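Coming up is one lone chain in C-alpha cells, specifically the form predicted on its own.
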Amino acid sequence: MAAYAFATVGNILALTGDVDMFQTEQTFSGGVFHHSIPNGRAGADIIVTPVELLARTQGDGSKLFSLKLSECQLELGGASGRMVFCRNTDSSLTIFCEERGFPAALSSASFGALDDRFRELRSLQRSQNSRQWFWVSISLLLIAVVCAGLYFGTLAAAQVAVRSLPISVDEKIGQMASVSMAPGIPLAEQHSATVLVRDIVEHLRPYSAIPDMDFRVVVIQDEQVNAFALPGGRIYVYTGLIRHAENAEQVAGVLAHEMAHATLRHGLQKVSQSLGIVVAMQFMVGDVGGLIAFGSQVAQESVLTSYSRAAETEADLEGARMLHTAGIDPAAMGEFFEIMKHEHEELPAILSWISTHPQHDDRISEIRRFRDSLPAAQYRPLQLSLDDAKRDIGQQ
C-alpha cells in the first residue's frame, strides 16, 4: 500500500478486506491536513492499527486517509504542547490528535518503535519550555528593572527639580497651608506682643539667608509654648512661649530658628522627600499646582511632627549665625532650651515647641560649640519690652 491514500469508506474497506477493523481498533478524535480537503483541513476519527493510522473525515463525502506507522514522522506541538502530529515522508499528509491516550496507542501499535522518538520530542519540548521560561523570566526582570528605574528616576529628578523652584512656590505652599490650618485666634496687629515679635523679625531679616523673603508673623492667643514657620516665611508664635521667655533675646533665638527653617527651605525639602509618583509625574510635565496642593499638606504635617534631627540642627546653627551677625548673643537660643528643660515637668500639657524638637541636650551643646567658634563680637541687648507684651497678654 502507498504511504497514504484517500477514498470512500466503503472502497477502503473493500480494499483491505477487514470490515471489522473499525470496531476492534482504538479510535480517537482528531483531524487531517491534506490538499484534497476543502480548506486543506478537516476533523476526523482516527483509528490506530498495528500497521497504519487511518483517518476518516467527518460529514458528507467523508474520505479515508492512511499513513504507515513505519513511515510516520512525529512532532509535538499545539497550544497545549500535547498535540501529536503524524506526517508522511513528504509531509503531504498530516494526521493529528490531542487526546491523552493517543501516544500510548501509537506506542503499543508500533510495538515500541516510536517510543524513542516520543522521548526525544518530550525532552526537546522540556528544553524549549525551560528556555522559554528563562527568557520570559529575564524579560519580566528587565521590565521590572525598567519600571523601577522609571519610578525612582522620576522621583529623583522631581526632587532635584523641586529644590530649584523659586521662593514664590514656597510662599504659595505656606499660604495654602495657613488657610487650611486655622491654628487659633490671632492677636491684633497692634497688640504689643505682635509688635514685639514683628520688630524682632524685622531686626533679624537683613541677616537672614534670604533677606527679601516675605516674612509674616502671627501671634496666637494660646498657652502652648510653641512656634512654627510655614514655607515662604509665615511664622506663628503662641503667647505661652512669650510668657515663659525671660528676655527678648530668647524670643529672638526661637524666631531665628524658625526663620532659618524658611530660608533653608526645609519645608520644600520635606515636600521633595515625600513626593509620590503621581505628584512627581504631574510636576515633571509642568503641573506645579498639584505640587503646591501636596506641599501644603506636607507643611501642615511638618508642624505636628517637626523636621528631621539634621534639619533642626541646621536651623539651630543658621539661627545662631543670624543672631551673631545681628549683634544678639546666640547663647539666648540655648538659654531658652535650658528654661524649657527645667520647666518641662511643670508644663506637660502646654509644652509643644520643645516636645517637637528632640535631643535638646545635644542641641544646646551644639549651639554652645558653634557660638565659641564664631569671631569675637560685642553683643547688644534688644531695646524691646518683653514685659509690656507679657502684661498685655495677661489682660486678654
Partner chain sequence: MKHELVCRPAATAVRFTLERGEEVTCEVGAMVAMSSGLTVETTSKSRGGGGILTGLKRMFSGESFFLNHFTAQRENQTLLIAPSMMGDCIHHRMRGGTLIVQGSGWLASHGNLEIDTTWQGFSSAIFSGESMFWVRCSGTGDLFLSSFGAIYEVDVQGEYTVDTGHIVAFEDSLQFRITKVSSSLIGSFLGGEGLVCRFQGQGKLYCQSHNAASLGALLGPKLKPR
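Treat the numbers as computed from the prediction; the structure is a model and nothing was measured. Residue numbers count along the first chain shown, from 1. Whichever C-alpha set is largest while still superposing within 1.5 Å between the two forms counts as the rigid core.
Just so you know, the form predicted in complex with its partner chain exists too; it's not on screen, but the next bit is about it.
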item	value
Contact residue in the model of the complex, chosen from 83, 74, 157, 213 - any heavy atom within 4.5 Å of its partner chain	83
Residue (of 148, 142, 188, 179) lying close to its partner chain in the model of the complex, criterion heavy atoms within 4.5 Å	142
Proximity of residue 132 to its partner chain in the model of the complex, heavy atoms at 4.5 Å	yes
Residue 276 within 4.5 Å of its partner chain in the model of the complex, heavy atoms	no
Its partner chain contact in the model of the complex: residue 128, any heavy atom under 4.5 Å	yes
Proximity of residue 58 to its partner chain in the model of the complex, heavy atoms at 4.5 Å	yes
Which of 62-70, 47-55, 33-41, 367-375 lines the interface with its partner chain in the model of the complex (heavy atom within 4.5 Å)	33-41
In the model of the complex, residues of 194-216 near its partner chain [heavy atom within 4.5 Å]	none
Core-aligned C-alpha movement of residue 262 between this form and the one not shown, 2 Å or more	no
Core superposition between this form and the one not shown, C-alpha change of residue 95 at least 2 Å	yes
